[in-house]
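Single chain ahead, written as structure tokens, the form predicted on its own.
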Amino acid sequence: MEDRCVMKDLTKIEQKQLRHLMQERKARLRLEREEEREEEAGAEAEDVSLRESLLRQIAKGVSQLVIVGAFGSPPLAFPTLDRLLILAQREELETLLCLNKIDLLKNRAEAERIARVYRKLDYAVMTTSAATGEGFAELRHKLEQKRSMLVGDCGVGKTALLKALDPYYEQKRTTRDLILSVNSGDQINCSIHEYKLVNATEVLEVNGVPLHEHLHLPHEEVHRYFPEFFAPSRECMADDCLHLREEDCGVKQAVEDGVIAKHRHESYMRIVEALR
């Protein structure tokens, strides 16, 4: 059962094919974003503000999204992580997935198995523990000379991470309040904490807005952001297969065979259902 929850090792040929598919995906997504920007350029100013993503409204200069998840209780929230990964892809932001609180794991191999799933999809992943300091030398290196946004569910240890990065982080904090426009036309209030830490490390943290709940795209397009679905989907009987409850679905078969991590497909299904 455990093996079914992770992606099996790929052959060199399969890895090459996956990298090629991911390059095609990135080029396609970039083209779509360029087309969206062209449409926005000709629209009324108030309409542009409503379509502008929350990430860009919060911090236009951010180059890296640091997505923090944590082991322990409650368990690692894969739907939240995967939603944030989609947001980062849509904004063409560099992404760092930080799996925190590994000191709470009885079996450290679990962390590596999960990290391997995302690394095979070309995501940068690291495991850390604010309690023991494990992984922090690498984390500091990844954040130096960059302007990053720290995101993740409440309780994953973002504050502990900041403190471990710089014990005097609170003294280096500035706060500003923002009113954000969401796709529905509503407005929400939030606070942005900005930390200018040692070694030219700039970190932003947003309070009051669960960004993963503001993912807006047609549910039929979610599969584009799950690159491991590309090759198996060619075996789907239906051209418009959503890989949910359809018969003869290549993606579902790949999950059963352990080629696709079970938690990734479960996360995908939850995202699709929420966007319908």
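Each residue number is its position in the shown sequence, starting from 1. Every value quoted in this text rests on a predicted model; they were computed, and no experiment measured them.
The form predicted together with a small molecule is left out here; the points below concern that form.
This chain is displayed without the small molecule, yet in the predicted bound form the stretch 146 to 154 from 146 to 154, 174 to 182, 109 to 117, 76 to 84 comes within 4.5 Å of it by heavy atoms. Contact with the small molecule in the predicted bound form, judged by any heavy atom within 4.5 Å, is made by just one of 131, 188, 124, 198: 131. For the residues 192, 160, 139, 96, the 4.5 Å heavy atom test against the small molecule in the predicted bound form is passed only by 160.
Within 4.5 Å of some heavy atom of the small molecule in the predicted bound form lies at least one heavy atom of residue 103.
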